[in-house]
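Form predicted on its own, single chain, as structure tokens, below.
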Amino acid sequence: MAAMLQPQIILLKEGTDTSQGKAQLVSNISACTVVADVVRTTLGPRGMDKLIHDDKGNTTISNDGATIMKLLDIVHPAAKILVDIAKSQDSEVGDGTTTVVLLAGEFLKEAKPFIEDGVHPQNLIRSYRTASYLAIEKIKELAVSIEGKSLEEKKSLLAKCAATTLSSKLIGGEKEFFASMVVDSVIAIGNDDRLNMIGIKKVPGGTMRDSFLVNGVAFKKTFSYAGFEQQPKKFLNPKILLLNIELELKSEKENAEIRLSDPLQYQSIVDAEWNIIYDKLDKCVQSGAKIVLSRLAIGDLATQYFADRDIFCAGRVTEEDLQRVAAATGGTVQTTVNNIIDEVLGSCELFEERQVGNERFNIFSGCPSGQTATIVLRGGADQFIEEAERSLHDAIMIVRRALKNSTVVAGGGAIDMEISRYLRQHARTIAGKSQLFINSYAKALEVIPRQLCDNAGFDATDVLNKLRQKHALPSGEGGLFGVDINTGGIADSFANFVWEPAVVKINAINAATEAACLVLSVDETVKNPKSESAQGEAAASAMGGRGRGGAFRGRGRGMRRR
């Protein structure tokens, strides 16, 4: 009786959605599996592309895992974890984003039956962590170093890594052409870590083969005034002056006031304005520079003044391009034209203005520091060039990683099969339940070769059986065998130069295991309701904001136009 009279305890706000226990965990796992299924078909050289159409009407065609994950507006809280690991893989290594999502999804899929059978998630997490540690140690053991090779050998090895990455992208048909371009650009920037030192400029038109690499800086011709056509468009060994000031005739600001007692004095004031600008231009000419670039406008007076003296000038150059010119030519951006010394001027072997498609490009090549490179991309459709840029970004990241951590492993699912075999062998030595869990982890790793086969239209079961048999050979000679995409059989991936940096695989396995363990460790989701009043306020503030903006627009003085 006493038990019945106990008051009901209300902890959470009315309408709060709480779900906990086994059902919640299984639901989270299912959500993650659905996300993995979205990118599943994009894996590998025969992967399909996704066309994503957003609310603003922009269309993106891509098969880069990270790009797709970013563009999908995923609202499920557990599935968002997969988006995060794809992003972290992209920023850390650059490639392997689809792999990491697939692996995490597969680890969870393998864990699902155990959870449903009543296994405690912590037991699974413990075994998964052990398995991931063993897998990473095995990768380090199997990795082959490319250190100590000559530059030419290194270049060809890095080009093979880049080609492996590019083979799964839209521009896979021209992978050799782009792979060598990527390697040259990465070697050009040397040890400089800043990726923006490699510029990628997109020019619609022409074919992909018309793309070219500039060992230096190239940027689109900026807006120019009259007199521009009289300027020379080609220089050998010019001096380059970089400015961050306007070279334009400035009228007085509207609130300036000058009192004159004699009307004749007015002319001297006008002359003073002209003298100021002429003085600036004169100093630029005296510096000995043949090319003047400025981040701000260079007016028509200055353009004609420079043209008369055979000097090339360009105003309104973007900050990023100006910084790259500064890094390449060894110049320094100046904020004044007073006492310009030779040390602040940059130089290059050749400057020319060239027509690329229907755009004109200013190209600086043969730069002394050589710490920058520009890839000019050509192609038919805009979406195509956008995707080509994303693909090249992945390849550039991979080559940089391979240069820094110079160890590679066999791609094409070979390394995944080898780790899977190793873990299964290891599981046999363990007593207790964790033998099953490590076995399921090993099985999950086979998703990579299986998906490669499925995407290429081959019989995955058949190919996987061949691979298992090859990897199980006691001599260990089959350890480098992976899926052969061209024939539908198996082949030695290492001999076929299907390589990827070991760091890509290590990162992918680490991130995927972490994500799987994170999802498994969640056993309750609490969703707070938005109270009606809060919703009402939010709507009102949104409307009010719009209205107020309109109301305030007509009051007060406008901002001065520069």
Partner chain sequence: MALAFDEFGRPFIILRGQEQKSRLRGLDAQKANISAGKAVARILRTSLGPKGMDKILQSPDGDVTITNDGATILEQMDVDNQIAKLMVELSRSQDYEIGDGTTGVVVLAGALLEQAEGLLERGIHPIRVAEGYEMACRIAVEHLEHIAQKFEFGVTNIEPLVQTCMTTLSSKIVNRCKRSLAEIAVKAVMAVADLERRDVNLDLIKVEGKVGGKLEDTELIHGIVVDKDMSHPQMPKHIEDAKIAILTCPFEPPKPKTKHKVDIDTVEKFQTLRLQEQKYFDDMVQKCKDVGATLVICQWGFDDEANHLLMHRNLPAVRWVGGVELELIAIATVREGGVYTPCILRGHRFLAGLVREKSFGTTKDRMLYIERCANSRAVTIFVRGGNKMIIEETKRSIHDALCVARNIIRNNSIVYGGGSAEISCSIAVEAAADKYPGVEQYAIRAFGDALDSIPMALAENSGLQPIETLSAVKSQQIKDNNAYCGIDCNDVGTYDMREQNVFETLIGKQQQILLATQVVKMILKIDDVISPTDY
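Positions refer to the first chain, counted from 1. Everything numeric here is computed off the predicted structure, so don't read it as measured data.
Keep in mind the form predicted together with its partner chain is missing from the figure; the text below concerns it.
Peer 1: Report whether the minimum heavy atom distance between N358 and its partner chain in the model of the complex is within 4.5 Å.
Peer 2: It does: once its partner chain is placed as it appears in the model of the complex, N358 has a heavy atom within 4.5 Å of it.
Peer 1: Using a 4.5 Å heavy atom cut-off, state whether N496 contacts its partner chain in the model of the complex.
Peer 2: So N496 does not count as contacting its partner chain.
Peer 1: When the contact criterion is heavy atoms within 4.5 Å, does E349 count as touching its partner chain in the model of the complex?
Peer 2: Because no heavy atom of E349 falls inside 4.5 Å of its partner chain in the model of the complex, the answer is no.
Peer 1: Report whether the minimum heavy atom distance between T207 and its partner chain in the model of the complex is within 4.5 Å.
Peer 2: Yes.
Peer 1: Using a 4.5 Å cut on heavy atoms, which of D73, E141, D117, E343 is close to its partner chain in the model of the complex?
Peer 2: Spelling it out, the residue with a heavy atom inside the cut-off is D73.
Peer 1: Which residue, S261, N338, T335, T429, has a heavy atom that falls within 4.5 Å of its partner chain in the model of the complex?
Peer 2: Among S261, N338, T335, T429, a heavy atom within 4.5 Å of its partner chain in the model of the complex occurs only for S261.
Peer 1: Using a 4.5 Å heavy atom cut-off, which stretch among 406 to 414, 282 to 290, 311 to 319, 165 to 173 contacts its partner chain in the model of the complex?
Peer 2: Single hit among the candidates: 165 to 173.
Peer 1: Can you work out whether its partner chain is within 4.5 angstroms of a heavy atom in all three of A66, G94 and S145 in the model of the complex?
Peer 2: Verified in the model of the complex; spot residues all out of contact, no.
Peer 1: Using a 4.5 Å heavy atom cutoff, which residues in 216 to 242 contact its partner chain in the model of the complex? It's fine if the answer is none.
Peer 2: Residues within 4.5 Å: Y225, A226, G227, F228, E229, Q230.
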